[in-house]
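Okay, so here's just one chain, in structure tokens, the form predicted alone.
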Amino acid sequence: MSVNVHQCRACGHCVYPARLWCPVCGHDKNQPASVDYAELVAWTVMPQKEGDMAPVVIATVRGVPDGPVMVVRLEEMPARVGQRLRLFEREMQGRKLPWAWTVAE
């Protein structure tokens, strides 16, 4: 399980979602890469809509060891900033989106 990201072929910088040019070096070619784990930077709980089974938790995370920073949906409430997360993709409405769950420490 992992999240598919885009890695610059010139400098190795990873981004998600894809960009036309690398934000670090400006190179216009990238290659697919995968990120398995991330570190929690911040999170918020979205208001529950009618029919939702549980609160929706959205988080900003930094892939480890080399990024990228991305927004993911969490399966459960996190405990603290810096918490280690396992990344995976889940298809929603025909699109693969990044999700994460907490890793036991």
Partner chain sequence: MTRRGPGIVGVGETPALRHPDASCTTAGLLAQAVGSALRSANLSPSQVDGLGVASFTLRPDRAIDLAWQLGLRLNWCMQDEMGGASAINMLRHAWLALEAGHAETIVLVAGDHFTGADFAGLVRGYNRSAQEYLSPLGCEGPNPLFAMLTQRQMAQTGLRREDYGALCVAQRQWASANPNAAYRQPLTLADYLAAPIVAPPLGRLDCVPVVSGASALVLRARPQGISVRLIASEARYNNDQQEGDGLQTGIAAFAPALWRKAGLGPEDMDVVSVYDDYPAMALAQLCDLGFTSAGDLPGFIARRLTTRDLLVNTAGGQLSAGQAGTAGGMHGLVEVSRQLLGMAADRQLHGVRHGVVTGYGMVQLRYGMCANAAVLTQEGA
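Numbering follows the first chain given and starts at 1. Values in this document were obtained by computation on a predicted structure and should not be read as measured data.
There is also a form predicted in complex with its partner chain; it is not shown, and the following applies to it.
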Task: All of T44, T60 and V69 within 4.5 Å of its partner chain in the model of the complex, heavy atom check - done: yes
Open item on the list: Quick check on L97: any heavy atom within 4.5 Å of its partner chain in the model of the complex?
Closed with: yes
Open item on the list: Under a 4.5 Å heavy atom criterion, is L85 part of the interface with its partner chain in the model of the complex?
Closed with: no
Open item on the list: With the partner left out here, check for me: in the model of the complex, does some heavy atom of M92 sit within 4.5 Å of its partner chain?
Closed with: yes
TODO: Considering only heavy atoms, tell me if R9 and its partner chain come within 4.5 Å of each other in the model of the complex.
DONE: no
